[in-house]
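Only one chain is given next, in structure tokens, and it is the form predicted alone.
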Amino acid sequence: MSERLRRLPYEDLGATEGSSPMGGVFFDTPRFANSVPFFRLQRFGHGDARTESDHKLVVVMVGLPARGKSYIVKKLKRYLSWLGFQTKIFNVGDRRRLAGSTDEYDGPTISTIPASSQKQQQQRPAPRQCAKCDSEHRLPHTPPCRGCETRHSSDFFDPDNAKARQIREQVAMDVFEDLLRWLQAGGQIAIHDATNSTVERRDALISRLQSEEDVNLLFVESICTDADIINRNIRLKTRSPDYVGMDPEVAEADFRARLRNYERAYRTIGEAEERLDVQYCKIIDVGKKVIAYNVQGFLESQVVFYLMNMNLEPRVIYITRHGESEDNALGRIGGDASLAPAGVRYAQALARFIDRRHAEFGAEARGRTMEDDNSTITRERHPNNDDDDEPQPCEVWTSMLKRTMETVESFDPQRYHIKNIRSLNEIYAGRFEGMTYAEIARNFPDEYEARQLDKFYYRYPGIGGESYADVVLRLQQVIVELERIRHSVLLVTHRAMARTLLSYFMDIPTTHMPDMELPLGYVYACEPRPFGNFLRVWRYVPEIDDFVEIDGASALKIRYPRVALSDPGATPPLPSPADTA
């Protein structure tokens, strides 16, 4: 292997551990990046230099149950990991179910039901089997199985229950200690996922963090005043581990009692935190209103900016590559070729498919809304359902290259708002534009081998040559816009762009991103759901000139290249920083 393809040791450049040997300078030759996040502000030399990006961040969630905190946390973690930050969620509820078992807590169980509801209980459906122990019961039983003994009734969350309160506070601080240990071991952004709904709890977290150097704190409070959203969230909560195998009505009654206990002790973030100049952000009704206070750090700004662009509207993000181009038929990369005849047929079929699929999704979304709301709320909010048959808006985004713009020529411009976006252009191959991979391997073996060793960080040589890390930064604004937009979007783009977009929506580590097999002729539909994005995949079949649905899980294949190092002493590529598994 050529000497210039080796990773230079830190001491040769006078850089401190954790800095980049390349120091943020853009080179026309490929290089191996070290394992620090590619989004960090890098510096060259100056071992004692410190920058804003050296700081780590603790995001502490605040809010009542059923206010969407876990939904926000999962989306935020996915976004920050995709950007390259080492990010991890620390959920207090998971630890509480183990730490506060019946061995440690002898307070009331969920079977303690008010007398006023006894008659109502007798009219409820027959008991279900416990998913853990297969015993029939409505409520935790004696002796309890492991799944049942870790449940806590609403009384466990009573602010007047001193013993239970002590357990809850101890569990929250234990999780916080785990969080800090993870940051000290190399993590960057840690998220404390809990209610943290009292001033006393937040004061304890602030005090504990004061002894940690270079660790910033950001409170994120989720407030929801929309009764429909709260009721849907409560119904989702009855499927949590606290209520596995229970009668849904019993579970909902207990959760609502738990919620009332939390409301008695809940104090929103305000003057107490402002006196300490603590950074905080309040997200009200899923982004309808955002309040930010004293937000100054770089990482904090990334978090707040992202959270300002969320919404819960039902929609689908369709991602597909363009139809086959003349260069595709020849195996050439890059370029700006027109569609081949097969690509034209795909483009026409794609327009028909999206017309049909968009109408089908509208009907499916209306059906799910009625089911979630038990039909009553839907009828009250939409007494005249004639308007529901109106097709929802849908946008079509393409790159600025001919093969994508030609792919959408069959779409009706009166029905679809078509945008051409330069950020969706294919990864630029520099001086290798228009070549085949076989030609690159034959004429530039060192370059070819370097790319095989580390596709994510490899930057094509020549002016303007890009890496996948560059593409992530280029698509950051596209991702934020896709999170902000309130209706469906079809993105007709290129292989590297489709890989990068799908790695975000499906939370695929960037280590795997460049090796995802995404052939021509597939449509990937990502639908935001409460617990993540739901993926469906369709494949174009030329024989029937139409699309057929295939299994989404098997469609996202990762192909790992086998590359033998020509130099046994060469250093293998480091993993992508976003791989936090």
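A quick note: this is a predicted structure, and the numbers were derived from the prediction, not measured. Numbering starts at 1 and runs along the sequence shown.
One more form of this protein, predicted in complex with a small molecule, exists but is not displayed; see below.
K.L.:
Since exactly one of H358, R165, R431, K455 fits, which has a heavy atom within 4.5 Å of the small molecule in the model of the complex?
P.N.:
In short, K455.
K.L.:
Among L475, I333, L482, L490, which has at least one heavy atom within 4.5 Å of the small molecule in the model of the complex?
P.N.:
Partner contact (heavy atom, 4.5 Å) among the options: I333.
K.L.:
Within 4.5 Å of the small molecule in the model of the complex, do K56, W182 and R208 each have at least one heavy atom?
P.N.:
Negative, none of the three is within 4.5 Å.
K.L.:
In the model of the complex, which of 240-248, 277-285, 455-463, 90-98 comes within 4.5 Å of the small molecule (heavy atoms)?
P.N.:
One stretch meets the cut-off, namely 455-463.
K.L.:
Against the small molecule in the model of the complex, would E300 count as a contact residue? Criterion: heavy atoms within 4.5 Å.
P.N.:
Answer no; every heavy atom of E300 is more than 4.5 Å from the small molecule in the model of the complex.
K.L.:
Wondering, does F219 line up within 4.5 Å of the small molecule in the model of the complex on heavy atoms?
P.N.:
Taking the distances in the model of the complex, the answer for F219 is no, it never comes within 4.5 Å of the small molecule.
K.L.:
If you check in the model of the complex, is D254 within 4.5 Å of the small molecule, heavy atoms only?
P.N.:
Looking in the model of the complex, residue contacts with the small molecule do not include D254, since no heavy atom lies within 4.5 Å.
K.L.:
Taking the small molecule as it sits in the model of the complex, is T195 near enough to touch it, meaning that at least one heavy atom pair lies within 4.5 angstroms?
P.N.:
Because no heavy atom of T195 falls inside 4.5 Å of the small molecule in the model of the complex, the answer is no.
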